[in-house]
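Just one chain is shown here, as structure tokens, and it is the form predicted on its own.
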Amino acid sequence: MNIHEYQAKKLLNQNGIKIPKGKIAYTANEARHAAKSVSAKGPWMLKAQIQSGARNSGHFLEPRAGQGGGIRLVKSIKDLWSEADSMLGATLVTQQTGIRGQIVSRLYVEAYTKVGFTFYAGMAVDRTQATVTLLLANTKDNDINTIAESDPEHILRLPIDLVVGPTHAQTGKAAEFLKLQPRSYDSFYLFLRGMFKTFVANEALMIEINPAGVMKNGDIVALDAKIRLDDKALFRHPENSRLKDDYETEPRELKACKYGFTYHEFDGNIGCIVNGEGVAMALTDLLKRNGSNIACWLNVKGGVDRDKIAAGIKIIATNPRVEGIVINILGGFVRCDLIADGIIDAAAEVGMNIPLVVRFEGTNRDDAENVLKRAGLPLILAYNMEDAAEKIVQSVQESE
């Protein structure tokens, strides 16, 4: 689950990281009052709150929003009101939102903070090493995306012990890598410790502070922040569940969540229903080998019934990108015959006018296949995952 910048900064500040003074605003008038409360004379930073990076280099679809991006430096209250009014309700398009963009429903009004040096700081779960990795880069000349693509050796990666956290030795190495002045060492150590505390306490998957800034007195301040929380751990953090912004969540994803499913969309043309993220990733690779790409996948997990399965199929079928559906179920906790009943129910309600390939393996597989054969649906049964990937790609091509 992604959260907004202002929410991420609040979590970081609770763990000792310095942030500029700021307030959220939903109207231009609220933005004006917020500006006066965070800085009497300005200037101010006006920031569109959408869950996307690259907001500064983004553009608005509506002409009334002007030529500026989603982050703007404003020097007068009058300009701040007009800028806020033009941005609110407009659609901001960035490299991460896709061409549809996101509607700006709120702004973060922040006191402008002058810094002499900026850098990127990130923390993420490294599944290959079974650890948390700290990532640092000097962003004076290039943004972090350019560095990652062109000069990955200019990113420092340090494995962090989950019990100990960043050590003084690691902090020293990182400070030397970033060429920080000695007056920043203490603040930098507290900064890294604050990131780690925030990461662990909230069971995050990723934290990015981009940029972090070094002020004249040497203190480190988070000028921007992005945090992704682990959905599966939210039951232990009910206070973080309230941070979810359904306004930015795709309707199909919301419906899937209602049934306890996990749903993700991509840029391909094949919809997949699976029971396990590992199965989804394996199927994605097989589709690519056969010259196609995934449009979305729905992970039905365990504890499902025929009604939930039918609902899941309808969610997939309503995605306009989907030109074919493959259902790959490894029956353990999920009974294959329940999946078959759900397929029949969904076909009766919405019709199946696109290719459908089904592969069952596990609990009640034979019963499930017999149920589908008797139903006479226009679907194709596959014998394994490779067979399913080949058949759905071939069927879509033939239907075209």
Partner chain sequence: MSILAGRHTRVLVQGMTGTQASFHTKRSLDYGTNIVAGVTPGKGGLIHLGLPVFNTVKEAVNETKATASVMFVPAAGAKSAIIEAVEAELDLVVCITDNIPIRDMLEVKNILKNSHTRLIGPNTPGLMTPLEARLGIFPENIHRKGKIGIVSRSSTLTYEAVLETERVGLGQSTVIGLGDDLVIGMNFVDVLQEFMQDDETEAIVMIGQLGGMFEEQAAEWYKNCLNRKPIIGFIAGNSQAFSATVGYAGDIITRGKITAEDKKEALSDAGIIVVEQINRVHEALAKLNLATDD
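Positions refer to the first chain, counted from 1. Given the structure is predicted, the values throughout are model-derived calculations rather than measurements. Between two forms, the rigid core is defined as the largest C-alpha subset superposing within 1.5 Å.
What follows is about the form predicted together with its partner chain, which we do not show.
- R127 is the sole member of R100, K216, R127, R242 with a non-hydrogen atom within 4.5 Å of its partner chain in the predicted bound form.
- With the partner omitted here, the residue from L88, V200, L223, A111 that has a non-hydrogen atom within 4.5 angstroms of its partner chain in the predicted bound form is V200.
- Taking non-hydrogen atoms only, Q14 never approaches its partner chain to within 4.5 angstroms in the predicted bound form.
- Contact annotation for F266: at least one heavy atom lies within 4.5 Å of its partner chain in the predicted bound form.
- Among heavy atoms of T139, none comes within 4.5 Å of its partner chain in the predicted bound form.
- Among residues of the shown chain, E208 is one whose heavy atoms approach its partner chain to within 4.5 Å in the predicted bound form.
- The candidate site formed by A28, T94 and A212 is entirely out of contact with its partner chain in the predicted bound form, as no residue has a non-hydrogen atom within 4.5 angstroms of it.
- Residues within 4.5 angstroms of its partner chain in the predicted bound form, judged by any non-hydrogen atom, belong to 145-153 and to none of the other stretches in 78-86, 102-110, 182-190, 145-153.
- Within 4.5 angstroms of its partner chain in the predicted bound form, the stretch 268-298 places a non-hydrogen atom from each of N275, G276, E277, G278, V279, M281, A282, T284, D285, L286, K288, R289, W297, taken in sequence order.
- Core-aligned CA deviation for A389 between the shown form and the other one: 2 Å or greater.
- After superposition on the rigid core, the Cα atom of G276 is displaced by 2 Å or more between the shown form and the other one.
- In the core-superposed comparison between the shown form and the other one, the C-alpha atom of R32 has shifted by less than 2 angstroms.
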